[in-house]
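Okay, here we've got a single chain as structure tokens, the form predicted alone, with questions on binding and movement later.
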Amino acid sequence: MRQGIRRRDFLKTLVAAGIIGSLGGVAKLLPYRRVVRPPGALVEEKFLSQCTRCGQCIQTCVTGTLVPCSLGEGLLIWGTPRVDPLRAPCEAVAGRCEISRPCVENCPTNALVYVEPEKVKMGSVKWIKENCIAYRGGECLVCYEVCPIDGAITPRRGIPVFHSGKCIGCGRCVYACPPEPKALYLVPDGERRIETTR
């Protein structure tokens, strides 16, 4: 069921669209950071042309992982949704959103479309070994224990080994990683995006 757009979100959408629209083609030349998009996101250029920054996907996200991109991440992507595994992981695979995805169901422009769980690939994780408890000699394999994908993380002599080709970028390992600063971070490397809407 769709929720109404709050007035503040509607005004933010109008402001973002107005600024980007008034800059025209110049906005596309401005730098922006690559971010991890929700599962089923169209390829970036199409996604940005169809996403109205309405916030429906963010408001209806079951886990709370979706957040709007900040102005600091780039004017062109400001207000569009990204996955933030520090807030929560995405459960599009082996989780609450595997069959029904509120983010997709509530997207009014089809910038997000449903893809089968086996086709979900939002990105992959990067490992900072110096921050890893296991690498420093402690006992910790939390990342391996919470990973929903067989073979994405394998332990070797008590240290996790990450296989980016199998990782889907759900962020469960990042969210669960206990050290501060974290030993893992999520990147869009290897992402699989949708070319056309159905």
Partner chain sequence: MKVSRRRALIIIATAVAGFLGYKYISSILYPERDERAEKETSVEEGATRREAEVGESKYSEVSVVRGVRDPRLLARKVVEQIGGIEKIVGNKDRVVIKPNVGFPSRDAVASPEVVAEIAKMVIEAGVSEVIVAESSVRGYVTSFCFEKTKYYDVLKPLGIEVIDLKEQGNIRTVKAKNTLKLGEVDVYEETYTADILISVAKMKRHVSADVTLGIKNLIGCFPDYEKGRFHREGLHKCIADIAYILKPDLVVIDGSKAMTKHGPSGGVMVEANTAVASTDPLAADYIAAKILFELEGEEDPAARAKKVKYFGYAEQLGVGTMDEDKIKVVTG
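Source: prediction; values computed, not measured. Positions refer to the first chain, counted from 1.
Absent from the display: the form predicted together with its partner chain. The rest refers to it.
**Q** Quick one: does L42 come within 4.5 Å of its partner chain in the predicted bound form, counting heavy atoms only?
**A** No, L42 stays farther than 4.5 Å from its partner chain in the predicted bound form.
**Q** Considering only heavy atoms, tell me if A152 and its partner chain come within 4.5 Å of each other in the predicted bound form.
**A** Flag for A152 set to no.
**Q** How about G95: is it within 4.5 Å of its partner chain in the predicted bound form, going by heavy atoms?
**A** Because a heavy atom of G95 falls inside 4.5 Å of its partner chain in the predicted bound form, the answer is yes.
**Q** Can any non-hydrogen atom of P89 be found within 4.5 angstroms of its partner chain in the predicted bound form?
**A** P89: contacts its partner chain in the predicted bound form.
**Q** Give me the residue from Y32, F47, F162, Y144 that has a heavy atom within 4.5 Å of its partner chain in the predicted bound form.
**A** Answer to the contact question: Y144.
**Q** Any residue of 37 to 58 with a heavy atom within 4.5 Å of its partner chain in the predicted bound form counts; write them all down in order.
**A** Contacting residue: only I58.
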